[in-house]
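Presented below, as structure tokens, is a lone chain in the form predicted on its own.
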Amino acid sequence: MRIDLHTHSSASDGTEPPGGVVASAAAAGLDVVALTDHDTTSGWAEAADAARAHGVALVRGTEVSALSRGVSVHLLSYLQDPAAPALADLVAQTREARLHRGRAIVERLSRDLPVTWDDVLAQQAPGTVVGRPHIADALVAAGLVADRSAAFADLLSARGRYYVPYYAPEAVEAVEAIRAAGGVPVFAHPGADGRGRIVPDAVIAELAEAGLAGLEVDHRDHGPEQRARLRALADRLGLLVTGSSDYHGTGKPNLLGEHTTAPEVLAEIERQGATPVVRA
């Protein structure tokens, strides 16, 4: 059984609609795929219909943005109740903060480069959670960078002059909100030090005490040493280990199914979750 528990659609920063992600998962030979758009569940219904049509099981989820002592933390919430107020309110605040942050970044960029907020809006699907990837797409469309990766390496880098921080809840608060919603929280790419600062092991232990269920260990942004470290840490803390693609369509080079999760891990996630896996 091939299981990929981390993908994004055009409901956040992927390039395919939710149903298209599921169709692509079927074409890639996946048996199970999770849709985990950033801070939104708006793609769930379309993805569920596509899952039934294509015979792929769907794990409904969300990638929840958080911070720990100023360091970015992304938490994959699986099988939560989307109407649970604690988590719904939390991600709504984050979506609003992303919007204001996006406008601020574009304002800074526009002082030096021919890019506007309307250019960014032209790159998003209706109802999309606007983020830096859409700004990157606007920069590509304007011929200012070659692709998203080039934009993030330079103009949109967290270390660059145009970077603007944004509100996100503290990671412990986010883990607790996910659990309160019946979700199963897994720390996404916790060792991705090529993206910026990562949290120390002590913070992961703190999150485990708060209810963290697992670590996404097998991910293209983790080298062999990081995977070994995280696997050992998960074993010590009694956490699940997952593997995923972090697929974004053409927005990133990541390929569906390039890393996968063991069936027994999915079974445990489903046992803990409040909502069922969608099956044909």
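Just so we're clear, the structure is a prediction, and the values are computed from it rather than from any experiment. Residue indices: 1-based, along the sequence shown.
Another form, the form predicted in complex with ligand AMP, is not on view; read the next lines as being about it.
*Asks:* Using a 4.5 Å heavy atom cut-off, indicate which stretch of 82-90, 132-140, 108-116, 167-175 touches ligand AMP in the predicted bound form.
*Replies:* This holds for exactly one stretch, 132-140.
*Asks:* Are any of the heavy atoms in R98 no more than 4.5 Å from a heavy atom of ligand AMP in the predicted bound form?
*Replies:* Judged by the heavy-atom cut-off of 4.5 Å, R98 is in contact with ligand AMP in the predicted bound form.
*Asks:* Just to confirm, F152 within 4.5 Å of ligand AMP in the predicted bound form by heavy atoms?
*Replies:* Taking the distances in the predicted bound form, the answer for F152 is yes, it comes within 4.5 Å of ligand AMP.
*Asks:* Since only the chain is shown here, I'm wondering whether R197 would be in contact with ligand AMP in the predicted bound form (any heavy atom pair within 4.5 Å).
*Replies:* Contact check for R197: no, nothing within 4.5 Å of ligand AMP in the predicted bound form.
*Asks:* Though only this chain appears here, would H248 touch ligand AMP in the predicted bound form if you measure heavy atom gaps against 4.5 Å?
*Replies:* Close contact exists here: in the predicted bound form, H248 approaches ligand AMP to within 4.5 Å, heavy atoms only.
*Asks:* So which of K252, R220, H54, R227 gets a non-hydrogen atom within 4.5 Å of ligand AMP in the predicted bound form?
*Replies:* Checked against the cut-off, the match is K252.
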